[in-house]
Every structure is written in C-alpha cells, then in structure tokens.
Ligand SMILES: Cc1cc2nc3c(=O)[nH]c(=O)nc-3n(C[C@H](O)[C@H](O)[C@H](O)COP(=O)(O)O)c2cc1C
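In the form predicted on its own, a lone chain appears below as structure tokens.
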C-alpha cells in the first residue's frame, strides 16, 4: 500500500498505518515500540469516561504516555454526552492530541450498558456524544462497526453522522457486532463510508500481513489502515507495511517491552502481566508452545527473559 501523510483535524501524521486500541494490550511501552517500528499513531486502551470522572486509579493508569509517541491519542467510551465532554476537558486527557470515541466494542458488558457498539442502534444519541466531545476543543475521531447484525448495517449513515457532528476521522471495523472478530471483512461497507464523507477513513479488520493491508486499501479506497490483533503477534508488521528497516530482532523487542514497563510498574506486576503478551509473541515460533507453559510460573522479569532467550537461541 502507499504510505502517505494524514491530516486529522489539523494534526499531521507522517504515515497512514495506525495501531488500534486493544484492551489489556496497548500499554504505553507497547505503543512506543509500535511507533518506533513504523506506526504513525497508536491509541491507548479504551478508557471509561465515568471511571475518569470518578478518578479511578486503574483507569488513570491506562493513560500513561511517553515522549516516544510524538502524537498522542486516547480512546474513550461511554454514552452520556455531558460526561464524555467533561472527560475530554479534564486534566486526565490534557496530554492527548486526539481523542477517539469507541462505538464498536462488542463485549456484552458495554453493549448491555448502552455503550460501545450499542450506540450503532441509537444514532441520535451517538451524534450528541460526538458533538459534545467536539465542543471540548479536542480533535475527535470515532471507531465503529458496520452495524449490530449483518441484516442491520448502518455504515454509510453512521459515517455521515460522525462527519456532520464534527469528527475529524473515522475508523470502520468491517464486521458487525454479531461477528465479533471472526469472518470476512465487509470491504464494500468500508468503501461506502469512504464515499460518503470527506474526512479521512481508516479501514480496520483482518490485517495480519503487508498483503492484507494492501488488499484492504485497494478494496475500500480507505485513506489508511488500523492494525489490531496482527500487531500483538508481530509488531514488526508496521515495519513490513511501511518498509522501514529494522536492526533489532524479536528477542530484543520483547526485552524492550518488558524493560519499558519498569517506568511505572513493579517487577512482579510486569512478570505476571507480560505472560499473555509474550505468549502472543511466541505464536508460531519453534519451541513457543513449551515456553508458554513455562511462562506461567515466572515471578520475575529475569525469569521471563530467561525463557525467551532459550526460545530464540
């Protein structure tokens, strides 16, 4: 695919390959690595606006940033327009250049609460959420799905609503809520969104290789791509898509991720929480299956590194 700059509400990105917000994974250290590897923008894990306004400690921790992210982007979720705006105007989100609103998360907890993908069924409320957040003065973007079910697709209408309410970019995950993360990506629906608006449209879904990214852009006419699960298994996907030369290997990358977290987290916390991420990194690697089992008993980062070193030796 062609790598080109993006202008999002006056914020210039050097490229058009983005990292998706991934709950439980896109911590500040991982985002920094992906940016160094070629991602032009990386979003925080989705953050509850209500949690922010109640100064929830766990919620605030998700918003840690470093200078590795030249342009900083957070993703929020909620369904109360006033609370959403207040969160955008709060000191918690002050460091961020771009605020993305999650209107696509399919998990039952959010959906039953009228948040995430539930807003696809309430376009009037979704419009109020976007327009109020825009009034905060922040650059606002929206990530959403094609609909709740395959027989109730709202992509084109929702895209127009977002632009009309003041959003500066939209990202379309080419599946309905009912599909979660499986099945084919509906490229025709993403193309409809692209043809319906003048703001940048980013295509999301099913990108695990450079060829996947190229095919998605060619099929949809999108202005760029957002990589999600593909980055968990291979962060070097950003270098491959952008053709950016890398001098480090996978072992060095894993060590950098582990050590980066030491900025704010204690060693034992890192050892426990990196188990799942390293398991993703080792998918398909020779000896990885046995290493994943051994990772479960690691209590220190040095033990983690020892397991990783043995695999890559």
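Since this is a predicted model, take the numbers as computed values, not measurements. Positions refer to the first chain, counted from 1.
A second form of this protein, the form predicted in complex with the ligand, is not displayed here; the remarks below concern that form.
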Residue contact check: residue 117 to the ligand in the model of the complex, 4.5 Å heavy atom: no
Any of the heavy atoms of residue 160 lying within 4.5 Å of the ligand in the model of the complex? no
is_contact(residue 20, the ligand) in the model of the complex, heavy atom dist at most 4.5 Å: yes
Quick check on residue 205: any heavy atom within 4.5 Å of the ligand in the model of the complex? yes
Which one of these stretches, 121-129, 175-183, 88-96, 162-170, sits within 4.5 Å of the ligand in the model of the complex when only heavy atoms are counted? 175-183
Could you tell me which one of 42, 46, 49, 29 places a heavy atom within 4.5 Å of the ligand in the model of the complex? 46
Listed residue (199, 134, 153, 228) with a non-hydrogen atom within 4.5 angstroms of the ligand in the model of the complex: 228
Going through 235-260 from first to last, which residues have a non-hydrogen atom within 4.5 Å of the ligand in the model of the complex? none
